[in-house]
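We begin with a single chain expressed as structure tokens, specifically the form predicted alone.
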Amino acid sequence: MPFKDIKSLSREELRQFLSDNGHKPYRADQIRVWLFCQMKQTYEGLNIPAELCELLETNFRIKSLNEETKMESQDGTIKWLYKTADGLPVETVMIPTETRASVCVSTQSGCAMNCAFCRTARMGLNRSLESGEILEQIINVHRYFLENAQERKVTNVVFMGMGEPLMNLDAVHRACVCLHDQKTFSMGKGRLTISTSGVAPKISELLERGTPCQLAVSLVAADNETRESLMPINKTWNLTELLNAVDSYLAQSGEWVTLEYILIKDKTCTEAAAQNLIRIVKPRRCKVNAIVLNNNENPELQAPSEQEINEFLEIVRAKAVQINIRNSRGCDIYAACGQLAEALNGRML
């Protein structure tokens, strides 16, 4: 790509750029208000000297994502397909409730994790996104609310779209810092959730960097054999290594960690699977968000019956393990967990 997105620069980096080019560093705050508070996507109208505006236009993109399609679910969920400046697909999902508007952002175009239940895996990995491209997904949802006269704003951001966030940690960290900044989005760390498929060594980096976020881990299955069959990452970092990283995070952060678990017929929704899950969760400060497998076009993976689900939950809850069923949203437009995939050859995967 010819230019870097200006939104990818931290306040300090922008101040340094201005200073290096003979302009007053204080204008960095003025520019960031324009970008993140007024959410402008052109430099036109920005009250700065003409030569500075020309300098910014020469060196930075201010708009990185072009909307290709927008789809709205019967339940109100909206999914956007964007193309980056270099023509790569990125999908963003907004999930509304009466009091919240959560945005599920992508951190990469495509994904390299190759999870068996995930449609995004069929795309492979194109590249990681800049922090500015991640932030623009959120800005676009804010702009959608404004343009449609909706008295809403983005209340929560979940890094659970296309890609593995911890394989693009620098950009994800930068995005979280900007979202948490009181002078930009002013979102509390409890409203920012980073989900990982289990890149164990990177979990500690969240604490080392001071990334303002909550941690969610895609456990998916609670024994190595099943998890490895569903998530190839388990061959690199198995459950022992992953749980050691989680334990370290729990000890150092004092926070709770959310474990994401998928209910799959004859694999993760059995009595044995319930006992395995209890052994993992019971001694840890964790809560479980369980989701029934969504349509994924893998004939070997099927959703369990309602009776099987209820029996599984009864076993787990009998041991006082906190487990909640998270209802899928946007399934009819392929916007639910594991369903994001770009159009190939003019059709949706």
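Fair warning: this is a prediction, and the values are worked out from it, not measured in the lab. For every residue, the number given is its place in the sequence shown, counted from 1.
The form predicted in complex with a small molecule exists for this protein as well; it is not shown, and the discussion that follows is about that form.
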Heavy atom to heavy atom, is S218 within 4.5 Å of the small molecule in the predicted complex?
yes
* Asked: Wondering, does I139 line up within 4.5 Å of the small molecule in the predicted complex on heavy atoms?
  -> no
Problem set entry | Interface membership of D223, the small molecule in the predicted complex, 4.5 Å heavy atom rule | no
Contact with the small molecule in the predicted complex for F117, defined as at least one heavy atom pair within 4.5 Å: yes or no? yes
Given 126 to 134, 274 to 282, 76 to 84, 256 to 264, the stretch touching the small molecule in the predicted complex at heavy atoms within 4.5 Å is 256 to 264
Checking L46, I62, A28, V292 against the small molecule in the predicted complex, the residue with a non-hydrogen atom inside 4.5 angstroms turns out to be V292
The listed residue (M187, A200, I95, M160) that reaches within 4.5 Å of the small molecule in the predicted complex by any heavy atom is M160
